[in-house]
Every structure is written in C-alpha cells, then in structure tokens.
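Before any questions on binding or motion, here is one chain by itself as structure tokens, the form predicted on its own.
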Amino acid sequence: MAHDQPNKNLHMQDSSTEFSAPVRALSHKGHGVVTHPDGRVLFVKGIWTGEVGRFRVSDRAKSYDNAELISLQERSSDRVTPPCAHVETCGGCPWMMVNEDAQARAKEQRITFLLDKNGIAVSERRPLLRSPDFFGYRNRAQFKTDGERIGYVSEGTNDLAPIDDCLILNPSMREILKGLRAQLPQSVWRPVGRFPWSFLDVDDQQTLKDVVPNQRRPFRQGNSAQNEQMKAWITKTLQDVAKDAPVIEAFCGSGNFTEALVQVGFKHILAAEVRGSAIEELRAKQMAGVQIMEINMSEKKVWQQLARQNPKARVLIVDPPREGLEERAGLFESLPLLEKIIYISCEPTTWARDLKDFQKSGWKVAHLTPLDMFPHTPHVELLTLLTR
C-alpha cells in the first residue's frame, strides 16, 4: 500500500517508546501500517485495517521499521480466534486472525491499488477465485530441523519455531509431518557447517521413507485444487485459438501448464526453462508436439533466441518467479505475430510493473482473474490475458 513520507522537519511530539494509533492500511507483506506521533510510519504484525492498538517501538527505529503490538484497544469485527497453536511463533499464516471474507477483500483491494497506481486499464475483471479449502489445502512444505526439533523458521529471523501439527497442510502432508516427528531425535538431520538447521523438502507425492534432508523437490503449485482452476482458466481463455497456432511457454517448469495445452490439442509448443531438475522431469513426460528449450529467461536477447525457434508464435504464456519479467527488451519486436499473452503472476508488484510496460507497447488487459492460492497469507496469484 502507499505510505505518506514523514515530515522530516516535524518536531518530536512524543518521545515515548509506547504509543496508540489506528491501523490505516496493510503493507504488501500483510502487516498493519501505523503512524507514530512523530510521523514515522511503522509496520506491525497481527493487526488489521481499522483496528486501534497500543504499540511499542525502539526510540532508535526509523520510518518503515517494525513496531510491536502491546494490546488491542479497538478490535475489527473481522477478527477471529486463530485455531492454530503456533500462529504467534511460526508467522507463516499472518492473516489467520481474520475471517475468509476479510482476507478476500484485502487481496482485491491490493490489486485495485496497484492497477490505479500504475494506470493500468482492465476490460474485464472477475472476483477472486477462492480456495475450496480454507484449511488443509497445502500439498508441499519445507520443514526446518536441527535433529532435535522440527518446524518452520519464524518470519524475519533464523529461529526455528517447532510445530506438532500444521492446519494448512492437506491430510497426507499432516501424516508425513507426524511420521517425521516420530523419528526425532534424528542425527542425520543435524545441520552441518554454519547452517543453524537442515531443511526437509516434502510433498504429498512421496512417502515418508523418500524424505531426504537438504534435497530440493521439483517445484509444484502448493494448492492442488487451485492449480486445477488455473489450468482450466488457461484452456478456457485459449479455447478460440486454432490448435495449430504456435505457442511459446516461458518459465514452463516441469510442464504443469504444458500438459493442459497438450490435452486441449495444441500441436506446436515451445517450452522454455532454465537447465535443472524441472526440465529433466518435463523431458521424461515425452509430450507430443512439445519442443523443449533450455534457456535462462533473464539472459540478454532471450526473446530473440526464442523467436529463432518459434518465429510465428501467436500465443505467449509466461509464469515468472517473483521477480517478474526481468528481461523484457525485444519481446514485441522479436515476436510480431503475437495475438495473445497469458501472464500468470505470483507477485502483484512486479506484475503491475510489467503490465505498465506492456500497455505502453500497445497491449491491453482484456481479462484479469485473481486467485487465492494460499489462504491466511497476503499471497495472491494473478491470471491475466493481454491482447493487442
């Protein structure tokens, strides 16, 4: 959210480390935004827009530092009692203290703010696609362990927050966590070198005996039901495109969306991804009509290289990491026959930056559907169709 710059010439009105203030907005990380009496803007975990609280802050803190909630003086009607015993120490579900409707509104409001701030026009905007499961949805996790305890790392620290259960994990994942806890203490999980803990990458496609410390699993969308909604949205959005039209899919990973394109009949797909385990998994699927290209999408002249392999592409699908499309130069010049761009984003700020550039190049947002991949967090996916 936007924050007013404090007046540097403002005299200190209150030098106390404690102060009361209303919560005027939520930050992009989902923390409450409050203003100290001396003008500093501060972030506070565990509070909601419209609430009033008593806060503590270091007298050496600068603007945009964190403050600590001491007590709530006025509570939001959206507030609920979190059912998780670890919500205060873990920090992975910062919005669990408010209801589902409030979380959905906050995600919609953030998107509206970014569209307005960047002057992005949207022809059709649909409501947030909510997760069918508000709890018990997550199909993968990365646990941390020192060999004696297992849990997550508390937000903003290197401190291990032990857990005995996690309510956002799906039933299979909760069983795996239970099995891992039963193995404690576990000497082979002890950290090595300078690291304070080891990590355990786990998903619901493996068994307990397959879990290996400090070994990453291939990326998967973390909410299986929502992943199916994303694939359904892509195929519906492209239903009027001739299936012999050439398609470029950048950041294809292990072929999650590639599979959906093949299933609806696209015959000429260039799937591009950086070298690694994901592209090896894609190769193993041996999908008909899919040409695989190993390339780093952050390279200079990446679009020229893709165009040499698929110069007549009419559809471009991009699903970049949080950094967005870091390399955008030459995209439209290299692929002049593009008719549709599907941009799937997991980070609204870089998404808005990129769409602003697209708009300057003569493209418009024909359709936008936000999707709630991770309830209880500020995270929101954006499913976007751009046309000339």
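Counting begins at 1, following the sequence as shown. Fair warning: this is a prediction, and the values are worked out from it, not measured in the lab.
What comes next is about the form predicted in complex with a small molecule, which does not appear here.
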Open item on the list: If we define contact as a non-hydrogen atom of the residue within 4.5 angstroms of the partner, is residue 298 a contact of the small molecule in the predicted bound form?
Closed with: yes
TODO: Flag residue 152 as yes or no: does it have a non-hydrogen atom within 4.5 angstroms of any non-hydrogen atom of the small molecule in the predicted bound form?
DONE: no
Open item on the list: Is residue 51 near the small molecule? Define near as a heavy atom within 4.5 Å, in the predicted bound form.
Closed with: no
TODO: Would you please decide whether residue 354 lies within 4.5 angstroms of the small molecule in the predicted bound form, comparing each non-hydrogen atom pair?
DONE: no
Open item on the list: For the interface check, one of 290 to 298, 174 to 182, 114 to 122, 191 to 199 should have non-hydrogen atoms within 4.5 Å of the small molecule in the predicted bound form; which one?
Closed with: 290 to 298
Open item on the list: To verify the annotation, which of these, 232, 85, 264, 274, has a non-hydrogen atom within 4.5 Å of the small molecule in the predicted bound form?
Closed with: 274
Open item on the list: Please determine whether each residue of 89, 143 and 162 possesses a non-hydrogen atom within 4.5 angstroms of the small molecule in the predicted bound form.
Closed with: no
